[in-house]
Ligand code: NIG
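Next up is one chain by itself, shown in structure tokens, the form predicted alone.
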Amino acid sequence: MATLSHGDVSKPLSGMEMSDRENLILEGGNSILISEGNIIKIRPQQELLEEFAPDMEDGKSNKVELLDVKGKAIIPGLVDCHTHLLWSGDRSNEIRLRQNGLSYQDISEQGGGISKTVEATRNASRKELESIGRSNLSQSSNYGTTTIEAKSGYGLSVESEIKILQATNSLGGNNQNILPTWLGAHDFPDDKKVSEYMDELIHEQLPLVAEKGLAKWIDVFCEPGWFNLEQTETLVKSAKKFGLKSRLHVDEFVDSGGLSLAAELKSCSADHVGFSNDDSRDKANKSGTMQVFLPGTPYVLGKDLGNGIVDCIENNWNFSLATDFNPNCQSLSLPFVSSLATHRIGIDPLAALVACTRNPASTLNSEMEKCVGSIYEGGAADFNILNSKHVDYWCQTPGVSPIFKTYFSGSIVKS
């Protein structure tokens, strides 16, 4: 059982702590007692059976429900801290454009990219978006995710951004924790000048999002050609006045100083960070800003996965992994993301697991009733049973789910 619960479960792990098997993995022969959705005890199997199922016969008891996992390994429920969950439309033709040498920005300037998805999403009804969201969440759950962050950002208007966030909020609760982020600053819409849209974001979208309680965080696509450092800072500081924290897209294509700004603003996370420099990484770690790597995105864009993850491990800088599910990167599989990290970069599978559970959870726990991302007494009973006796199996089956059963709040949601 990979409990990952060593030390303070609300805090992330870094460096060699992430692959410390002695402290993070509990050897076989133990059992979990669950009641009312929470983990009550983790004890040697015989001890719990004698106390709570003294009448056990042929694997059954009248006092408790017993589940024998037959030696299969157990890991925490996975935590996906960066997704674009709700959008409509199809951009699968863009791979051919990239193969012909067009960059992400080139495609955007020709009417593709974010703006193409915005048009389709604006035309979708809230009911249609909710249906899309349920389908996407089912996929996510199939790969063991029990807590997921979900961004808006494909509306880029007051009406559409509110519609996406309302649809997102309507989905939560049954099989996963769903935590919404407002990403109205994903791009500048074609029908407005930059100054006009900045004014709309600050004086129309933001007050409505805050008033209706539709999001926990603000996000900004801080990249050259999109939102610059000054605009990003203005938006984040405006959101703080309404009590919204920040998570930022930064340094995906070049080192533009985005991670450094995120650290200065004390953002909860800075995501992509593929081209951030070492000084910025150190600064972010000291400020408590989590670096979130999204290896699925450079993978689908045909780009190198970079050295950032290895640098973080070697320098004891906190980092997480996430899917970045979006029209270009249509995967909600954290096991696949970590397959890239282990097979392509050489990261220890246990370290990758920490980066998909406890570490991203540390940026979300402030909005949760209980800390997620690890298995501990008193915590929510969110965990996965694997199709293997080995914990490392969790990310070694790209294209196939490694999950045998998923529990969320003590109930089976995937079997």
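As the structure is a prediction and not an experimental result, all values here were calculated from the model. So that there is no doubt, residue numbering starts at 1 and follows the sequence shown.
What comes next is about the form predicted in complex with N-(iminomethyl)-L-glutamic acid, which is not displayed.
Remark: residue 221 counts among the residues lining N-(iminomethyl)-L-glutamic acid in the model of the complex, judged by a heavy atom distance of 4.5 Å or less. For the chain shown alone, residue 308 is not a contact residue for N-(iminomethyl)-L-glutamic acid in the model of the complex, no non-hydrogen atom being within 4.5 angstroms. Residue 91 belongs to the set of residues with a heavy atom inside 4.5 Å of N-(iminomethyl)-L-glutamic acid in the model of the complex. Although the partner is absent here, residue 326 lies within 4.5 Å of N-(iminomethyl)-L-glutamic acid in the model of the complex, judged by heavy atoms. Residues placing heavy atoms within 4.5 Å of N-(iminomethyl)-L-glutamic acid in the model of the complex fall in a single listed stretch, namely 245-253, out of 259-267, 277-285, 135-143, 245-253. Checking 86, 148, 236, 114 against N-(iminomethyl)-L-glutamic acid in the model of the complex, a heavy atom within 4.5 Å turns up for just one residue: 114. A heavy atom within 4.5 Å of N-(iminomethyl)-L-glutamic acid in the model of the complex is found for exactly one of 104, 197, 227, 317: 104.
Each of 154, 186 and 297 is positioned with at least one heavy atom within 4.5 Å of N-(iminomethyl)-L-glutamic acid in the model of the complex.
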